[in-house]
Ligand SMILES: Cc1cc2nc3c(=O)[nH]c(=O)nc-3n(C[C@H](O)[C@H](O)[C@H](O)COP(=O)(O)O)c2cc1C
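So this first bit is one chain, no partners, the form predicted alone, shown in structure tokens.
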């Protein structure tokens, strides 16, 4: 049988499928079921800094409407934070007693404020690594790209001061010099980078004339975005790559390994096919490896990356050129 074990961000994994941050990993029983289906690691649901801030604002607005003296509630935000933190740290402790696969904590970052001290509590609870889920929407026209990028490094710097477990950065592809930024993030001391995050996007209900959320789950058509950048990054950065978004079957997973990914993160596919689908993907990966004569993942990892390609310019082509040009299509 092919060996599906791998390493990622200093962790040893029995398989290359990581279950991404979601409510698929919000209980010990669910995590146990994912381990039984073959998952190599899980990322717990994020502590959302923005959610804590909004909850605090909502409470304060209610108290203000009641005519309360808000000075008496100056420390209430810390109480809300403690509630969120206690819930996650207890899940980490319980999960570490119940499963053998790595348990990765997650923080969804908006600002580099006092919340970075949460990282130490997550480490002390037993988390094997910490994933920083970061994207600062460049919507402030008074802030240039350099200032925006510096926010990422300030968060990383603060968190590195707090913990010694591996730090993973889950990032976006919305940057003008993406490959350079990926390299800089890896050189800042993080152990892994996830390409890429998937975000809430607004949509419009034209009947109700309201703003609504666009589709929540990813689609298979999205995976080529990360495929390109995984292939461009492989062999050129100092940290290991997790490919994410749009990986809905074993074929997409295999392509990411050929591009150079160390592991893949899967979420939407499991919502569509249930948690046991992890085993299906792994079985199909083994069948393909057997057919190709590969004994382990390293035998073919990065074989189609830009660094190992006979035609590296293909990865930098951005226009379709002649694809849509034919008889009657001029």
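Residue numbers count along the first chain shown, from 1. Keep in mind that this is a model prediction, so the values were computed, not measured.
The next section is about a form of this same protein that is not shown, the form predicted in complex with the ligand.
Visitor: Counting only heavy atoms and a 4.5 Å cutoff, which of 301 to 309, 277 to 285, 259 to 267, 31 to 39 contacts the ligand in the predicted complex?
Guide: In short, 259 to 267.
Visitor: Which one, 250, 245, 172, 89, lies within 4.5 Å of the ligand in the predicted complex by heavy atoms?
Guide: Checked against the cut-off, the match is 245.
Visitor: Pick from 225, 179, 151, 217: which residue has any heavy atom within 4.5 angstroms of the ligand in the predicted complex?
Guide: Exactly one listed residue reaches within 4.5 Å, namely 217.
Visitor: Does residue 16 reach the ligand in the predicted complex if we count a contact as any heavy atom within 4.5 Å?
Guide: The answer is no: residue 16 has no heavy atom within 4.5 Å of the ligand.
Visitor: Residue 198 versus the ligand, in the predicted complex: is there a non-hydrogen atom within 4.5 Å?
Guide: So residue 198 counts as contacting the ligand.
Visitor: Is there any non-hydrogen atom of residue 23 lying within 4.5 Å of the ligand in the predicted complex?
Guide: Result yes; residue 23 sits at the interface with the ligand in the predicted complex.
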